[in-house]
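One protein chain, two forms: both are listed below as C-alpha cells, the first as structure 1 and the second as structure 2.
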Structure 1
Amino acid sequence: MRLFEFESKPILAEYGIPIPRGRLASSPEEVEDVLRSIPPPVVLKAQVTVGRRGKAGGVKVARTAEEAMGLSRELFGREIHGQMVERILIEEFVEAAKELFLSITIDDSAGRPIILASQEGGVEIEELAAEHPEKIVRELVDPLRGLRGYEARRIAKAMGLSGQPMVEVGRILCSLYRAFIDYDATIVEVNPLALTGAGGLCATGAVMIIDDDALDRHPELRERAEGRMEDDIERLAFRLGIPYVRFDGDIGIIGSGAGLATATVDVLRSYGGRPANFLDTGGRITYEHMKNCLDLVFRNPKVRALLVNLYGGINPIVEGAKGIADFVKERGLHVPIVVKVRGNFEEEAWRILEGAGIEVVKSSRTEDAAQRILERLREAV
C-alpha cells in the first residue's frame, strides 16, 4: 500500500527526520485557511498515490496568496496519471542549495534491503539512474545487523558530502532504515532531501510503500487501505482477504498462488487473450472460498469467459471443484469456462467438474488451457 505524502511525512518526523511545515486542504476554502498559518511562498502538492507527479504538473510553487488560490483551483479535480486530485498538501517553501536523494528498498536478487543514494535528487532521478548509474550509491544492508552509523556516514561520504552535512545525512539514513523496518515497508524514499544554504536538511518529498501482507501488523494503516480503494470489486476482495486486481480485458482469471495466477495472466496475453483480472486463491481452496473468488470475478460486467488454473499439493482441490460446480449451477452461467486442475485427488475433481458440464484441461501445461479458452470464445461468437 502506497501512502499519500501527507501520511508518510508525519511518520518520518516521528523518527527525527526534519520535514517542512504543512497542512492538508480538501477545498479552495480550506486552502485559504491554511495560508493564514503558512504564508507564501508555499508549495502546493496534489495528493495522489502515483509516481512522477511533479512532471505531470501536480506540484506547484506559489509566491503569493493570490497565486496559491489560483493554482489550488487548477489542481482540485484534475486527473494525474488516472487519479483525481481531491486533496492538496500545502507546505512552506524550502529553498534548496542542493537536492539529495535517499531511498531504501528490497533487492530481490540479493534478498536484502538496499540503500540507494545520490547527491542529485529531484524529479529527474529516474533519468539519472538510467543514464548515469555511476552517480547512484548502492549499499546492501545485512538485515540481521541492521544499518550501523559508520556505514550510513560512509554512504553519505560516497555521495560527495563532508563535515556536518555528511554526519546529518548519515543520521537521517539510520532513521529511514528504522522506519523501513518498523513499518514493514518495501520502499521508504526521501526525494528531494533539501540541503539549505545554511547547511540544514529537510525532507521536502517523501514516499512510503507498505507491504500489503504486513498490514495486519499495522491496523491503523489497514483501516486506511480499504477506504482509498476506488474499485468496488477490489475493495470487497480486500475485505475478504483475496488478492485481486481488475484489468481491462474480458477473460476472468483464477489461479491458486500468486505465481501461478501471474503466469496464467501472462500466458493468456501471449496468445492474444485479454485478462479481466488477477486473482490468487492463496493457500485455501475451500468450497466457500472458491465461490467467493468466482463471485468477485463475475461482478465485473466485462467478463464473458473464465479460466481457472489450480494446483493442489496440499490444497483441497476437490472442495474447490465442488465450489465451482455449484456456483455455475446456482448462477445459471452460460459462458465459456475452462478449468485446469492438477494435484491431489485430481481425478475426483475432474469428475465433479465434468459432471457439472464444465470443460476440464487435464494437461499440466497452462498454455493448453489458455489456448482452449480462446478457442471456446471464438466458437461462442
Structure 2
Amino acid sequence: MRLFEFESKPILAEYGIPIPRGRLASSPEEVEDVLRSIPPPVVLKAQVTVGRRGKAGGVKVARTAEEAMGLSRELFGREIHGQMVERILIEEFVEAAKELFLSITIDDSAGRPIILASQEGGVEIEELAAEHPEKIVRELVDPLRGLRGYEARRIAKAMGLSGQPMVEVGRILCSLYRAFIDYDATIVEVNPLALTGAGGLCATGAVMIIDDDALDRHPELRERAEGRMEDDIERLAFRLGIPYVRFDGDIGIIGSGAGLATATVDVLRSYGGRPANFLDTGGRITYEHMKNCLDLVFRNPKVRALLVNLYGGINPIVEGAKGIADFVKERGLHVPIVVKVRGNFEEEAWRILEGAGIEVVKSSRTEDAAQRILERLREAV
C-alpha cells in the first residue's frame, strides 16, 4: 500500500525528520485559504500514489498567490499516470543548495533491507541509477541487528558529505530506518532531501509503501487501503483477503494458488479465451470462502462462464466442491461452468460436483479445462 505524500510526511516528522510547513487542499477555494497561512513562494504537489509525478508535471512552484491559484486550477482534475488529482499539498518553498537522495527498501535477492543514498537526488534519480550507478551508495543492513549510528554516518560520508550535514544525514537515516521497521514499510524514501545554503536539511519529497501482508499490525492503515481501491469488486476482495485482479474478458477464473491461477489465465488466453479476472483462493478454502470467491467473480456483469482450477493439498477440496455446488444451486446459475480438481480426496469432490450437474475435468491438464470451457461457451451461444 503506497501512502500519499501528505500521509508519509507527518509520519517522518514524528521521527524527528524536518519537513516543510504544508497543508492539504481539495478545491481552489481551499487553496486560497491555505495561501493565507502559507504565503508564496509555495510548491503545489498533486497527491497521487504513482511514481514519477514530478516528471509528469505534478509538482509546480508558484511565486505569487495568483500564480498558485492558476496552477492549482490546472492541477485539479488532471490525470497523472491514470490517477485523478483530487488533492493538492501546498508547501512552503525550500531553496535547496543541493538535493540529496535517501532510500531504504528491500533487496529481494539478499533478503535484507538496503540503503541507497546519493548526493545527486531529485527527479532524475532513476536515470542516475541507470547511467551512473557508482554515484549511488548502497549498503545492506542485517535485519536482526538494525542500523547503527556510526554506520549511518559512514554512509553519509560515502555520499561525499562532511561536517555537520554528514552528522545530520546520519541521524536522519537512522530515523528513516526506525520508521521503515515500525511501519512495516517496503520503501521509505526521501527525495529530495534539501540541503539549504545555511546547512539545514528538509525532506521536501517523501514516499512510503507499506507491506500489504503487515496491515493487520496497522489497522488504521488497513482501513485507508480499503477505502482507496477504485474497483468495487477489488475493494470487496481486499476486505475478504482474497487476491483478485479484474480483466476485461468474460470468463471468470478461480485458482487454488497464485501460480496456478496465473497459469490458468495464460493458458486460457493462449487458446483465444478472454479471462474476466484473476482470483486466488490461497490455502484457505472452506465452504464459505469458496462461496465468497464465486460471489466475487459473478459480481462482474461481464462474466458469462466460469473456470475453476483446484488442487487439494492444503485445501479441503471437498468443502470447496460443496461451496461451488450450493452456490450454483442457490443462485440458479445456468452459465457454463467447468471445474478441474485434483489431489487429496479428489473422488469425493468429483462426486459432489457431478451430483450437482457441474462438469468436472479429472485430468491434471489446465489445457483440458480451458478448452472445455471455450467449447461450452461456443455451444451456449
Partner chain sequence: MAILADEGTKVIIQGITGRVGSAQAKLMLDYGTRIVAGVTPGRGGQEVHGIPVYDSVEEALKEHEADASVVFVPASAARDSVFEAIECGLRLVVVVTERIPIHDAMRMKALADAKGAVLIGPNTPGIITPGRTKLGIMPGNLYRRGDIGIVARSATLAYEIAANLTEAGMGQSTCLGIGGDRVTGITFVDALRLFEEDEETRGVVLVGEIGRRVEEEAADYIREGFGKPVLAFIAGREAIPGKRMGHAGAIIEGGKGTAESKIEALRRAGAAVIDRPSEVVEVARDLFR
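Residue numbering: structure 1 sequence, from 1. Fair warning: this is a prediction, and the values are worked out from it, not measured in the lab. Note that the rigid core is defined as the largest set of C-alphas that superpose within 1.5 Å between two forms.
Task: Identity of the form predicted together with the partner chain, given as 1 or 2 - done: Form predicted together with the partner chain: structure 2.
Open item on the list: For K340, does the CA position differ by 2 Å or more between the two structures when the superposition is done on the rigid core?
Closed with: The answer is yes, as the C-alpha of K340 shifts between the two structures by 2 Å or more after core alignment.
Open item on the list: Rigid core aligned, does the Cα position of R23 differ by 2 Å or more between the two structures?
Closed with: No; R23 is a residue whose C-alpha shifts by less than 2 Å between the two structures when the cores are overlaid.
Open item on the list: For a quick test of reading the superposition: does G57 move by 2 Å or more at the CA between the two structures, rigid core aligned?
Closed with: G57: C-alpha displaced by less than 2 Å between the two structures.
TODO: Report, in Å with one decimal, the C-alpha displacement of E375 between the two structures after core superposition.
DONE: That residue's C-alpha is offset by 8.0 Å.
Open item on the list: Rigid core superposed, I'd like the Cα shift of L307 between the two structures in Å.
Closed with: With the cores aligned, its C-alpha sits 4.8 Å away.
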